[in-house]
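The data below hold one chain only, encoded as structure tokens and taken in the form predicted on its own.
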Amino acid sequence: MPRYSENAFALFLGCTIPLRFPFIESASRKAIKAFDFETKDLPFGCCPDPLGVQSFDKETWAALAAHNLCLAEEEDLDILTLCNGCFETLSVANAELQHNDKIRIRVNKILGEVGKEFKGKINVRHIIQEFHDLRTLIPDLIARPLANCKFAVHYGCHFLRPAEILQTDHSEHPVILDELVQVLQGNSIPYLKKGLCCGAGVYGTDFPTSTKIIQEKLAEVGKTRADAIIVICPTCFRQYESGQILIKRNHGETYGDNGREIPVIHYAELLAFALGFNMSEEFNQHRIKLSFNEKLLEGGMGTI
């Protein structure tokens, strides 16, 4: 396999993916292999959560994030994340510690107790940014074109905002994920409330409101008859997959064709599938089975 990228990264898995969605990690590692950029596993801790921990104690939040950043700095590696929340926390903490002398001094005092010092030498990247940078290489690698399939993409809040720090895409009208679906020959379809939050931010404090947000979003996706929802964050994945199951159980509502739920797929899974990897182990771990595979079978693309 030729080397398409000279980049090397420290792979940051976060907490949610290893504990709840290991198939996202597996799919990401498969997709990474296709481009042959290097990743290294380090003994990272929790990112920590960009909302909960920061809301209670910003200094603790910054110190925990800084410890992770220090581990990557010691290896002289940028961090590559698979999760929007991890991406926001590490990016924002990195920027604030670089530009806020007061908090950097306090955090480095804490880090000094374990022999660490934040120096601000590395950057944080989301895996979707890396795939987007490499998108011109993807067409030649596709083994399973997705031309028969319609996908509703969901970006998630923490990938886009705060825009002045993250600078991933336009915060109100993003296109990165749409383009990454289209480069697989899939159809990224427009729908109302595309930018609506998944509702995870209030899940633990106001579950009815969180459910209502999911219902509003899914109702619009359902109108498009999308074959799947494409996400780039494990928390968004949980909201739309487990949320649909709970809504069906508690309210009797479904949003897919023929009374079925709409499958939810992390983009790394979709990419690995289109590149020809056997994804049966990953897809079989989904609670909502993948109806879009039926269209692929009709098109002669083979099984998962």
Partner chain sequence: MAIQSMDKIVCQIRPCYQCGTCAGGCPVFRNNPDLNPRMLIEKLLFGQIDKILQNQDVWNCCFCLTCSQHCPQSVDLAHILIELKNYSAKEGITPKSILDEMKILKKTGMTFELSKMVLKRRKKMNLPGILPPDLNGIQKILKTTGFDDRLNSSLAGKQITETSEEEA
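Every value quoted in this text rests on a predicted model; they were computed, and no experiment measured them. Residue numbers count along the first chain shown, from 1.
One more form of this protein exists, namely the form predicted together with its partner chain; it is left out here, but the text below deals with it.
- When contacts are judged by a 4.5 Å heavy atom cut-off, residue 261 does not count as touching its partner chain in the model of the complex.
- Residue contact check for residue 120: none of its heavy atoms lie within 4.5 Å of its partner chain in the model of the complex.
- Looking at residue 136, you'd find every heavy atom of it more than 4.5 angstroms from its partner chain in the model of the complex.
- Shown alone here, residue 190 lies farther than 4.5 Å from its partner chain in the model of the complex, counting heavy atoms only.
- Note on contacts: among 175, 103, 95, 141, the single residue with a heavy atom within 4.5 Å of its partner chain in the model of the complex is 103.
- Exactly one listed residue, out of 157, 72, 149, 180, brings a non-hydrogen atom to within 4.5 Å of its partner chain in the model of the complex: 157.
- Listed stretches are 72-80, 127-135, 204-212, 141-149; the contact stretch with its partner chain in the model of the complex is 204-212, by a heavy atom cutoff of 4.5 Å.
- Although its partner chain is not shown here, in the model of the complex the stretch 257-283 places heavy atoms of 281, 282 within 4.5 Å of it, in sequence order.
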